[in-house]
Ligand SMILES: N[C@@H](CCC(=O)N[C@@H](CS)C(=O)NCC(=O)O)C(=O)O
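Only one chain comes next, encoded as structure tokens, the form predicted alone.
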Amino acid sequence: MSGKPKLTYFNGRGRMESIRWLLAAAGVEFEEEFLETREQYQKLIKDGVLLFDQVPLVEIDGMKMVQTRAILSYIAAKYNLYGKDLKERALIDMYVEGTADLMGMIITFAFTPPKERNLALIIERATTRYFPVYEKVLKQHGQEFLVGNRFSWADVQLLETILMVEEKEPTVLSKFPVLQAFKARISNIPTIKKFLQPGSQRKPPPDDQYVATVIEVFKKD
């Protein structure tokens, strides 16, 4: 087996996409195995691979890791994207959790019945609760990155979140000039720029086929 991390998940974004982003940002190549049938998922459970019967699953450094937050924290620490001390790590955690809250609303959007989808709420939360915080932080310290004036997990996840919201509302950053500059700056970091190019392992927004596959795999017997 190669030394590359192996990611087991659906061929779509979901809870794995932030993991793909962080590995890519660190310049780490990874392999993927896509869940396409319920039988694959049941076999992973039967084999005792999924600690809580949940994916994402990431095999790295001899471990079979589950729980998205634990996986992301490990990758961030391993590749020096988690600050230089406990205080910086705490700030990174706070900023990451903020983006995770907003991202969660978008991840579940495709699985919500059309009549119950509330895109306006997502945009409202982005522009009044979350993006103003990051705009203020970057403006106050005047540095290129969110924490410690060095590239971190917080920067990666904020850019991922911005791009996800822009897919829903392209003008969402119109009142946030500092975030506009941040987006351009982080997008041009070589590893990020490569990941944003066509043909990378970045996944497109969820379509009907992706949603149907997820529902089929997770359906109860």
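For every residue, the number given is its place in the sequence shown, counted from 1. Keep in mind that what you see is a predicted model, and the values were worked out from it rather than measured.
In what follows, reference is made to the form predicted in complex with the named molecule, a form of this protein that is not presented.
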Exercise. Is the binding site on this chain open or blocked for the named molecule after its pose in the predicted complex is superimposed by the nearby C-alphas, counting blocked as 3 or more ligand atoms within 2.4 Å of backbone or C-beta?
Worked result: open
Exercise. Which among 186-194, 51-59, 167-175, 149-157 is in contact with the named molecule in the predicted complex, heavy atoms within 4.5 angstroms?
Worked result: 51-59
Exercise. Any chance Tyr9, Arg15 and Thr68 all have a heavy atom within 4.5 Å of the named molecule in the predicted complex?
Worked result: yes
Exercise. Does Tyr41 make contact with the named molecule in the predicted complex, using a 4.5 Å heavy atom cut-off?
Worked result: yes
